[in-house]
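So this first bit is one chain, no partners, the form predicted alone, shown in structure tokens.
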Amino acid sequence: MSEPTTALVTGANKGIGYEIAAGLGALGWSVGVGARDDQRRDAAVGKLRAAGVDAFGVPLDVTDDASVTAAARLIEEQAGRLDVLVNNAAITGGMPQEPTRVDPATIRTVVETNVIGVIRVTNAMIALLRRSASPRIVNMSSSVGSLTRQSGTAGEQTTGPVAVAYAPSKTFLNAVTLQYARELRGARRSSPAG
């Protein structure tokens, strides 16, 4: 009998991340519930387990190097490999976000979570992903990341409010995702020891 597929979903204690974890768990996958808030993470794991999901908590703050390193160690101890990484953790940064009114610190904070956090987590998990027979990385973006939709140049309505931190962070994430795809296209999995 083969081992279950193991996934890590960041920001999985609520919303879209929780629903992704529940959906993967319904497929019989073992799901790491990544979240920085201990109480919310524990509550999500409890709820998933009550629904029959093989869920385990992963303390994870995507903006903190030590937290991400510890999460990778926990995944290694729990499963020995990672089959799917879903980078879902994100923040909006609050409003207002009009370019003429926004505090530049808001932009830094949003980019640190929504973009650099994805890079930090992906790079920490890449060795575990390479141990999988069919590894996958899924980066959760948004329609507001589309420059075409933001500008309304394709005859479409513009999407979302004016948000100089959140919307560009998703555009940036889309570009980062393409760079990972270019680098990892055709990458071979390493041996279980490596």
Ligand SMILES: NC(=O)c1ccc[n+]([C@@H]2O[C@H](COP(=O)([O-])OP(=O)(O)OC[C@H]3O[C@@H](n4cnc5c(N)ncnc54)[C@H](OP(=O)(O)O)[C@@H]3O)[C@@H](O)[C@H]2O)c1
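Each residue number is its position in the shown sequence, starting from 1. Here the structure is a predicted model, which means the values were calculated and not measured.
Note that the form predicted together with the named molecule isn't included here; everything after this is about it.
Colleague: Which residue among L184, V176, I16, A22 has a heavy atom within 4.5 angstroms of the named molecule in the predicted complex?
Modeller: Of the listed residues, the single hit is I16.
Colleague: Which residue among K47, R40, R130, R149 has a heavy atom within 4.5 angstroms of the named molecule in the predicted complex?
Modeller: Answer to the contact question: R40.
Colleague: Of 141-149, 49-57, 24-32, 122-130, which is the one stretch near the named molecule in the predicted complex, taking non-hydrogen atoms within 4.5 angstroms as near?
Modeller: Selected range: 141-149.
Colleague: Would you check, heavy atoms only and a 4.5 Å threshold, whether I116 touches the named molecule in the predicted complex?
Modeller: Contact with the named molecule, no.
Colleague: So in the predicted complex, is the named molecule close enough to L85 to count as touching (4.5 Å, heavy atoms)?
Modeller: Flag for L85 set to no.
Colleague: State yes or no: in the predicted complex, is some non-hydrogen atom of A89 no more than 4.5 angstroms from a non-hydrogen atom of the named molecule?
Modeller: Because a heavy atom of A89 falls inside 4.5 Å of the named molecule in the predicted complex, the answer is yes.
Colleague: May I ask you to state whether T63 is within 4.5 Å of the named molecule in the predicted complex, using heavy atom distances?
Modeller: Because a heavy atom of T63 falls inside 4.5 Å of the named molecule in the predicted complex, the answer is yes.
Colleague: Can you list, in sequence order, the residues from 163-182 that come within 4.5 Å of the named molecule in the predicted complex, counting heavy atoms only?
Modeller: Counting only heavy atoms within 4.5 Å of the named molecule in the predicted complex, the contacting residues of 163-182 are Y166, K170.
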